[in-house]
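As a starting point, one isolated chain is supplied in structure tokens, in the form predicted alone.
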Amino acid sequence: MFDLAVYGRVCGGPKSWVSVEEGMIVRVSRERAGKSAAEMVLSDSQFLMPAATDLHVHLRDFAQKKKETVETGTKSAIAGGITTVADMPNTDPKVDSARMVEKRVDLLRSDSYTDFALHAGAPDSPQEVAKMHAAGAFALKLYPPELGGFHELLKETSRAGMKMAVHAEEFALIGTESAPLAEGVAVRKILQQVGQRSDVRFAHVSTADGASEIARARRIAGRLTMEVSPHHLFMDEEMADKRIGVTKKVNPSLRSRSNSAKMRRMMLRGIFDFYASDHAPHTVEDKFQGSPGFPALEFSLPLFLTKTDDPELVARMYCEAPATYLGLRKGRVRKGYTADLVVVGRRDWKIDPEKFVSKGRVTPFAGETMRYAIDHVLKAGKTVFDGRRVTKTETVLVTGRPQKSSRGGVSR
């Protein structure tokens, strides 16, 4: 007998029975496979898809609990259909040593509602990189002021078997009249330093020119990947200025309407590997004082579905590809994959920051009508969101190395 069977359309396709046992998908078939302890039958206005994995999330906490906590941020993720997040290291204090990695992992183990991976920040000494990896960090994240040390730190991450993620903007150009050129300048400098075995992810690529440079380079060099955020795809500076004025600040900056349109066309051609929220919550007061970033976890998945009407594309960029990047057997509704699943309903609703689980409240997407909603979320076959309430279950630290599945096998 199976633990659970879900019947309905998968990513908007044909109706199937998805059978779950011990947290894993064990059968996907058109016909009922046998008895189940529990069944979930979807309506004609619903479909099943994999839960999302978000590679770029700022969970704050530590000295920034007013902005967000690990609890509120990961509960927000679950409510948005996301069951795995990769936390960023620019916390207060920063996660830039093995000791701080251990401290952050302890906090995530205690308070996270999602499975979680951890980026570490640039350390004082390159020799600290391997220690941070051993402590649980899967990647090193470099910010614009730190890109001068890229080559030396890349050698250390390669030795340690660790990934590298970069915020590619030329620091000296940020805030100047030449700021729109900052991404392209930094991208070109980084590409001159990567080798055939380099594993480098370009975070929140914001310009079509930068994306084109990376796309050309990865034909001949290393394992280069790109992520793109919802605000750089589906928002532009002029629109955000009309909606939220001075609080529109985000890093990298919002770009022109024509650039966003080019980015969307590039996305449809498969230029970008990952879609990632860049969830960056702040208090309203902090936003008016210039803090960069927006909360996004609760609507990033519905927004992507609404803007594309393409569940397969969304599942590939926001579920399968990032999970594979992290070494997880997640992101597909297929036998042998973890049963992290989302029931999506086709119905209209408006983004209302006052209803967020997240503490973040300022977003240029406020008031937009979504045509898809998160009705139900399963994590390893267990309900963690029923449309109203988020429930905590066992969570896992994701290190980028092979993970033990709940059935005792190895999941990559």
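Here the structure is a predicted model, which means the values were calculated and not measured. Numbers for residues come from their place in the sequence shown, where the first is 1.
Not on display, but discussed next: the form predicted together with a small molecule.
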Check your understanding: Is N251 close to the small molecule in the predicted complex, meaning a heavy atom pair under 4.5 Å apart or at it?
Key -> yes
Exercise for review: Report whether the minimum heavy atom distance between K379 and the small molecule in the predicted complex is within 4.5 Å.
Suggested key: no
Exercise for review: Tell me, yes or no, whether E298 is in contact with the small molecule in the predicted complex, where a contact means a heavy atom of each within 4.5 Å.
Suggested key: no
Point to revise | the small molecule contact at D278 in the predicted complex, heavy atom, 4.5 Å | key: yes
Review point. Out of the stretches listed (289-297, 311-319, 188-196, 235-243), which one is close to the small molecule in the predicted complex, meaning heavy atoms within 4.5 Å?
Key: 289-297
Review point. If you check in the predicted complex, do H58, N90 and Y143 all have a non-hydrogen atom within 4.5 Å of the small molecule?
Key: yes
**Study point:** Heavy atom within 4.5 Å of the small molecule in the predicted complex - residue from R201, H119, R104, H282
**Key:** H282
Review point. From the list R329, K131, H167, R218, which entry has a heavy atom within 4.5 Å of the small molecule in the predicted complex?
Key: H167
